[in-house]
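Just one chain follows, in the form predicted alone, and it is written as structure tokens.
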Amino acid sequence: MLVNSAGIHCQYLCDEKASGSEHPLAKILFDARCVASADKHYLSTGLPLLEGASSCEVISTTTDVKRGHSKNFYWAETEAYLLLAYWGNEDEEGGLEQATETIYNKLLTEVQTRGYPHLVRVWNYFANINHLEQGLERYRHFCIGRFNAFAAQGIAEEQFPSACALGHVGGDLLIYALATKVPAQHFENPQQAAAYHYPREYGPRSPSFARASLLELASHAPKLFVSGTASVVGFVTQHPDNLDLQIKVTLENLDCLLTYICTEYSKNHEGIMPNCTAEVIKVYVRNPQDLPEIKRQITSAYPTAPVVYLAAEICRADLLLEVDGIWNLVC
């Protein structure tokens, strides 16, 4: 039986000044504007809190943390983990596509240089994700920049980490990532096409991420990082104008993904099926007026899980919500 609290832990706190841990890697703020504020290990997201008694998310560890920062860069590391954050000014970088490519190249170079070459999870937040620029949706410009950096650095599809990309209410482009010295196992959802195999109608470059990443380190409890999950089956949005059915499909996708990963995990662990429990869940809500119904159904599905509801634009204009989070596998 593997039950171990070593490693990293995520929790939601009602006050960003509260430590939550003696060893925080970072504190991610749910705020009204994304600005470079890397001092004091605060990461400003520009994603306002809609519901929940938490103003920040704290990613902490059980061991000592070294950290540092400069104008638009923050880093924190332990023996096992590296967390990096970059803020980018699109005007200074020549637009979102170039800013994304520049930051991802910096990020990928930094993880190699520091000796944590394997990306586990990446979070991407920027303004006006569904708006058109030069005839192309801004999310698709972002995908081109990310793809170009991965290609330039030799990152293959099977190495793509779990990720999310959301539109915030304004400010800088923020990209932050968790990396390790050993690779995570990346998974796809049996109900969904791999994002990196989407047809060209979804953009010149497909999104470069996995549906989930399972991290197993010696003496650390297995931890599953689930990407932004929404009402998509295959590669097609389901029920574009129906909130109730979008919530239903989103929850079905999560259930399918978690069941599949637990089944695959059991095959490599003497057939023991793990319990999969949510450590934290984050729900991104496009229209605040939809919050009561979204909250009702999420609470019904995950009655004991810590959940925050954030205002955000989803990467497809016809999606009304997206859910991601961290789950623990316990045998």
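Remember, predicted model here, so these are calculated numbers, not experimental data. A residue's number is simply how far along the shown sequence it sits, counting from 1.
This protein has a second form, the form predicted together with a small molecule, left out of what is shown; the following refers to that one.
If you check in the predicted complex, is residue 209 within 4.5 Å of the small molecule, heavy atoms only? Flag for residue 209 set to yes.
Proximity of residue 313 to the small molecule in the predicted complex, heavy atoms at 4.5 Å: Taking the distances in the predicted complex, the answer for residue 313 is no, it never comes within 4.5 Å of the small molecule.
Quick one: does residue 111 come within 4.5 Å of the small molecule in the predicted complex, counting heavy atoms only? Although the small molecule is absent here, residue 111 would stay clear of it in the predicted complex, with no heavy atoms inside 4.5 Å.
For residue 168, is any heavy atom within 4.5 Å of the small molecule in the predicted complex, or not? No - in the predicted complex, heavy atoms of residue 168 and the small molecule never come within 4.5 Å of each other.
Per-stretch contact check against the small molecule in the predicted complex, the hit in 242-250, 138-146, 168-176, 88-96 (non-hydrogen atom, 4.5 angstroms): Going by heavy atoms within 4.5 Å, the stretch is 138-146.
Here the chain is shown alone; which of 72, 192, 238, 102 has a heavy atom within 4.5 Å of the small molecule in the predicted complex? Checking each option against the small molecule in the predicted complex, the one that comes within 4.5 Å is 192.
Interface residue in the predicted complex among 224, 82, 184, 163, criterion: non-hydrogen atom within 4.5 angstroms of the small molecule: By the 4.5 Å heavy-atom cutoff, the listed residue in contact is 163.
Non-hydrogen atom within 4.5 Å of the small molecule in the predicted complex for each of 216, 257 and 260: The answer is no; none of 216, 257 and 260 reaches the small molecule.
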